[in-house]
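Just one chain follows, in the form predicted alone, and it is written as structure tokens.
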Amino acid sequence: MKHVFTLGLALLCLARCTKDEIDLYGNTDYLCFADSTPDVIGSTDIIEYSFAFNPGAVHDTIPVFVKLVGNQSPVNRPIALTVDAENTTALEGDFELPHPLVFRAGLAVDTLALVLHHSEGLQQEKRTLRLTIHENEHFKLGPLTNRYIDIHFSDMIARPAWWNNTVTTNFLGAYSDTKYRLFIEATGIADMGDLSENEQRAYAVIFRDFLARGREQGEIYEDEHGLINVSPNLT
């Protein structure tokens, strides 16, 4: 985490502001949302989350990054943050905001611990929570494009790009959402995109063994293709 802003970063922030000029050399402090690698002022205003990648979880905590453009403080400072009801489809019980809402002392980038709760209907629909930063006595508003952030969350799943023809033919067999959920449950991973073929084969074997043990205990694993199995070519 970088605690010193370079002149280039300050100029980037200035370029992204259209109506409100930021006083780069004064005593005014500004806040804006940042992305998940917040060494540059936010390049995204969306966070995507799915409980499908955390099977069995009834809730999960995700970090929402907030960046300071200005002076670090020796004391915690309150943040003015609200839920934009007009652009939010999430239900009241779907989330919890951290309390108190503060930007902590000595930081240039802070994280707000947003708790999302699993609820019925998330396998059928994606819900949105929009958070908006407001000006208060401690902070002015940063770039216009980074004053709000949308958190899209669900329990939905889709075929990942790494589950390609090679993975289908040699390791895991035909894709289905049901099989993908079971694969995540069995292996603890959801992304094999950066793995070698030997590593992919190893996880496929773990999945095959998981299915075999389950069937020995009377489990029935089926999807739209019939009984769930790995590729017959897996050795």
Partner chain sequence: MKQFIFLHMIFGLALMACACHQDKGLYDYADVNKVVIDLGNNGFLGPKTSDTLHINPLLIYRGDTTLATHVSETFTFIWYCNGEEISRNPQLVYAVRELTGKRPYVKLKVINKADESTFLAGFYVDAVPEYQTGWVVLTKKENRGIISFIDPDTYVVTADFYTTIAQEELGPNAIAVKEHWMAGGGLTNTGNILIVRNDPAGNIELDGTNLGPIYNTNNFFLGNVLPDDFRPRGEFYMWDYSFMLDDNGNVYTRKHENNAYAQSGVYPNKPMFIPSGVKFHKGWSGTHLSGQTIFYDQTNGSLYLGTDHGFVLPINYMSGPPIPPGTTLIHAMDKELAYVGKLQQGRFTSSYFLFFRDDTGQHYVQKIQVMDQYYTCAALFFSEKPFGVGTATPQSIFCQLQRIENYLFYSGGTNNNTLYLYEHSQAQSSAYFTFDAPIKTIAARQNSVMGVTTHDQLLVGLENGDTYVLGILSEQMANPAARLIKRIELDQGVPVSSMYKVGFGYTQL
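Residue numbers count along the first chain shown, from 1. Bear in mind the structure is a predicted one, so any value in this text is a computation, not a measurement.
Just so it is clear, the following notes concern the form predicted together with the partner chain, a form of the same protein that is not shown.
Option from 205-213, 174-182, 27-35, 55-63 whose residues, in the predicted complex, bring a heavy atom within 4.5 Å of the partner chain:
Only one stretch qualifies here: 205-213.
Looking in the predicted complex, any heavy atom of Ile47 within 4.5 Å of the partner chain?
Flag for Ile47 set to no.
Close approach of Thr187 to the partner chain in the predicted complex, 4.5 Å, heavy atom:
It does: once the partner chain is placed as it appears in the predicted complex, Thr187 has a heavy atom within 4.5 Å of it.
May I ask you to check whether Asp191 falls inside a 4.5 Å heavy atom distance of the partner chain in the predicted complex?
No, no contact at 4.5 Å.
In the predicted complex, do Asn198, Arg201 and Thr235 all reach within 4.5 Å of the partner chain through at least one heavy atom apiece?
Every residue of the spot touches the partner chain in the predicted complex.
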